[in-house]
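A single chain comes next, written as structure tokens; it is the form predicted on its own.
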């Protein structure tokens, strides 16, 4: 038990271009000896190359071989995921104010057009007129008594649905959009793990 080391690969790690990925970055390490943990954390696993672009997969077996090269007497216990996704983060290009305004206008106009087309398709104005006439017994062209609360409710409903007011989150519950983005990211990670891991794609006749 004295030489037992527990290693849990992290799911995703972000590094800069040209960085050397160490075991301490790619995985969590637990062992009775604190000095051993510090030594294992400095073990280099991979140096980021320009040809790697933005994704590198470090396999569990790669971690095991690197540790055993340093100390073959250790009893390694691997837990958690079998690969670590290394994401190479390049310097982001600055977004100009003009580009921001242009994108904002496109999104605003596009969203407004989508909402207006939907209301036109379902004849929402005619529905409001009929509802107003049923409730008050009077026929009017612009039933503002219904249209104003409806417009306010539409905006409040979207805020509650997406669970955000600008950058502020209303509560800790994830919004449906965040859940869909999470599922999408999980699918991407699974695809990357299967297709970027060279060990998983090795041909049968490859020695």
Partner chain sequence: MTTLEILLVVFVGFAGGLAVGTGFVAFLVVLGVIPRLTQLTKTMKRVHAYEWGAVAGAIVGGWMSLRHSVWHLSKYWLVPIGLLHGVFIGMLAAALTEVLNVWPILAKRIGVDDKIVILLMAIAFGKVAGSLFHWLYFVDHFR
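If you're wondering where the values come from, they're calculated on a predicted model, not measured in any experiment. Positions refer to the first chain, counted from 1. Take the two forms, find the largest set of C-alpha atoms that superpose within 1.5 Å, and that set is the rigid core.
The form predicted in complex with its partner chain exists for this protein as well; it is not shown, and the discussion that follows is about that form.
Just one of 70, 30, 144, 61 comes within 4.5 Å of its partner chain in the predicted bound form, counting any heavy atom, and that one is 144. The partner is absent here; in the predicted bound form, the one residue of 135, 98, 79, 89 having a heavy atom within 4.5 Å of its partner chain is 135. For the chain shown alone, residue 46 is not a contact residue for its partner chain in the predicted bound form, no non-hydrogen atom being within 4.5 angstroms. Residue contact check for residue 185: one or more of its heavy atoms lie within 4.5 Å of its partner chain in the predicted bound form.
Contact check for residue 54: no non-hydrogen atom falls within 4.5 Å of its partner chain in the predicted bound form. In the predicted bound form, its partner chain lies within 4.5 Å of some heavy atom of residue 149. In short, of 153-161, 46-54, 32-40, 61-69 it is 153-161 that has heavy atoms within 4.5 Å of its partner chain in the predicted bound form. Residues 10, 19 and 191 are none of them found to lie within 4.5 Å of its partner chain in the predicted bound form, as judged by heavy atom distances. In this overlay on the rigid core, residue 28 has a C-alpha that sits less than 2 Å away from its partner position between this form and the one not shown.
A movement of the C-alpha atom of residue 125 reaching 2 angstroms or beyond is seen between this form and the one not shown when the two forms are aligned on their rigid core. With the core held fixed, the Cα of residue 142 is displaced between this form and the one not shown by 2 Å or more.
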